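Listed next as structure tokens is one chain, alone, in the form predicted on its own.
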């Protein structure tokens, strides 16, 4: 028997909230019942509050990537021109989604780990129909100031839509739609909402709702909006996950400010611990969602991963051009400040064991 408990330290999936576990232990719900409708409405209202929007949040059975694709599909037409700064795996995904749906993509390629600067917006030549931004780039641990970027972009291109990947910032960092100039945003259940994978969230401001250009069949957001107004979905949903999300939001939202402070402090502790043993952080501006370090000189990721695994911890490596060069750990899931102290010591112990 191991002397260590298992710890899931990846930036999704994450350690589950007790309210999620409670909901998932119940018998299977049927999605066309009053009980299911109540959960659906509670989850949608909670997500609206989390996003600080007067618009709507639609629950989609799939991942955060499904929500990203659904937003591009329903807000832009083929041939329309969008700006996509690429500085990691998930901002690159925006570009790939837009290209696959026939949009004209104007990329701004940055070194992975860097953040997008407002002056990059000032350099653009229009016209543009939109911008696809990434708030928390969890492949590098970097966080963009999407509020300033969105407002700067709209000052240049007032008729354009700004859509943000907030997959790993919702319930981890302060977020807002209308107040920040964001028209729509995506997230997913296996991140800050501390539930299993299986739900994507598509948040739409009133401005975005007015500008919907519904396309597709399964990802048609006009159909979803009509069904979800009645507490149902257009197609069979992952209804037990919806109940889990409703339960978690009911616990987290009343103390959201304290929760966000906790996530920031946890990440600060992990960075401090890593730097104390000589690790170099990857991001230019650190996101509270993911702690990301370059590998110690002379060591392979497999060695670092195994050192953590011997202590019961699951971590994750780099993606794309950073594969084999970095490792990432996260406390986005259910955890408190003392978990952060424990993981900081675990990290130092694991790395020092490598010599």
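Worth saying up front: this structure is predicted, and the values here are computed from it rather than measured. Residue numbers count along the first chain shown, from 1.
Only in words, not in the display: the form predicted together with a further copy of the same chain, which the text now covers.
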{"property": "Answer option from 251, 148, 100, 276, heavy atom within 4.5 Å of a further copy of the same chain in the predicted complex", "result": "100"}
{"property": "Which of 150 to 158, 110 to 118, 212 to 220, 127 to 135 sits within 4.5 Å of a further copy of the same chain in the predicted complex, heavy atom basis", "result": "212 to 220"}
{"property": "Residue 42 within 4.5 Å of a further copy of the same chain in the predicted complex, heavy atoms", "result": "no"}
{"property": "Residue 263 within 4.5 Å of a further copy of the same chain in the predicted complex, heavy atoms", "result": "no"}
{"property": "Contact test in the predicted complex: residue 61 vs a further copy of the same chain, heavy atoms, 4.5 Å", "result": "yes"}
{"property": "Any non-hydrogen atom of residue 74 within 4.5 angstroms of a further copy of the same chain in the predicted complex", "result": "no"}
{"property": "Site test, 16, 93 and 237 vs a further copy of the same chain in the predicted complex, non-hydrogen atom cutoff 4.5 Å", "result": "yes"}
{"property": "Residues from 64 to 82 in contact with a further copy of the same chain (non-hydrogen atom within 4.5 Å) in the predicted complex", "result": "65, 66, 69"}
